[in-house]
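One chain comes next, on its own, written out as structure tokens in the form predicted on its own.
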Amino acid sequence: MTDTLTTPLYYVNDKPHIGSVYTTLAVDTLARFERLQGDDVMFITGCDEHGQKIQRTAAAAGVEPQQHCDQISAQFKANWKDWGISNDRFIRTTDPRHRSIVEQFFQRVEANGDIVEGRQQGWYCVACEEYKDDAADATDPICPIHQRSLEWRDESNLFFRLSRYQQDIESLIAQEGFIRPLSRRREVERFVEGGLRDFSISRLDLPWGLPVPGHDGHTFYVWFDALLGYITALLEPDEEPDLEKALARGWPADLHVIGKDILRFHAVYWPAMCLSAGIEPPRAVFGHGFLTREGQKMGKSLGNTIDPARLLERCGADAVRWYLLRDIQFGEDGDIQQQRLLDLVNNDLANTIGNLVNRTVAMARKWFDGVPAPEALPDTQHPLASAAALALDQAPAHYRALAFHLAAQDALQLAIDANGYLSEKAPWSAIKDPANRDAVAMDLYAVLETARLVGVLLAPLLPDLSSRLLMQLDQPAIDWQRDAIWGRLSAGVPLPEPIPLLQRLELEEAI
């Protein structure tokens, strides 16, 4: 059984931003955890490349839309490689096979009687690619997300009969866990309670889009096209575009992780479309919050956006992953503060975890030539073993709930406990008496084993730092079922010379 996890398909009107990095790091962390559990994972990301906004952005740059999409999608793909993202698929909606999947899906929906012709009137946000129903009575309405004037539209479109699925969607969103977190679920419930209305799925005379088969002059509304990218992505790289084959590869999606601004499309429109086409809707949708910077909304006009490439170059992936996933409760809004980033990274990673490993390895090498081998290894009743067992027991629930901040806190607390134990036992003093040698060996083994388990706990969150930590203890790649157990550290093996796990961050300029 394959677990299919997705980020949104990012819109290529501009290069990657910190919000898209945040979402993708979260899904990467969940995917890594599930793989460590021995699960088969299909981690999908990619780019949404059609629509009027893309057409206008390309025209403003003096290039063809396809050339613009090629350039920006390449930046996204390279960006995820630079950040060490472990996605299995990268789908582009300009992939020729995607058009065939969209057409096959549409034919099912149309055959089910859910496509009708109608007229669309209303205020439209090109940036959102969405009509704003709550702006109906305004004279000069502004998009609340993009702070730009809306455009009045009056045109003939094809409509999807969403109103037919009122009861189905009500039942779906009432299911525990379908929409997370709970605050997002309540937003959708309020929207659905107002009554579902049919929505437009085509545009007239918009060349940059997929043609609607059997309806001359119509191209698919970008959202109808883009959502199907999750299914196209399931095809093997050289596989012919067959909808049934794609579905068999890993549908329904187990989890869509998205920003809260596109929740309605994923939790209402998309499930209804799937039901119309006779396929299962996604199993769950998680809408996370927005990021601000030093208490302000980020925007080009304010000059306070964060360039992910510059952030990665100056701080490194470990530092950014730790800060975003440890400090912000995933699902809530979060504020990026440079001093807070420095404090957490330096105190948690460089000092608490890094120094724990460094000084314990140094003592073990100096006095025992490696991992000590006491007469009796500390068993599961040891206080550090008990602390580790608690953290290991809680970790799966934290990761599956996307409560990354709790998983991070538990791993950090285990390192704090180990440092406290070292201070209490003071092996640097005890070793001066030869009679204490075996007791010191047992204490150092217990701390090294605890450090190993900190590395195991951190593997999904900080894959690079975890790998360096475990290599410092001469440990191979992790298997959660095998390695998330007290006592797996081999006694009596030599250890390499300790190397700092993470250099302290010093940032004089703004990130």
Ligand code: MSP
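Keep in mind it's a predicted model, so treat the numbers as computed, not measured. Residues carry their position along the shown sequence, with the first being 1.
There is also a form predicted in complex with this ligand; it is not shown, and the following applies to it.
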{"property": "Listed range touching this ligand, judged in the predicted complex by heavy atoms within 4.5 Å, from 157 to 165, 172 to 180, 256 to 264, 203 to 211", "result": "256 to 264"}
{"property": "Touches this ligand in the predicted complex: H288 (any heavy atom, 4.5 Å)", "result": "yes"}
{"property": "is_contact(W223, this ligand) in the predicted complex, heavy atom dist at most 4.5 Å", "result": "yes"}
{"property": "This ligand contact in the predicted complex: P498, any heavy atom under 4.5 Å", "result": "no"}
{"property": "Contact test in the predicted complex: D48 vs this ligand, heavy atoms, 4.5 Å", "result": "yes"}
{"property": "In the predicted complex, the residue from A387, L341, C274, L227 that sits within 4.5 Å of this ligand by heavy atoms", "result": "L227"}
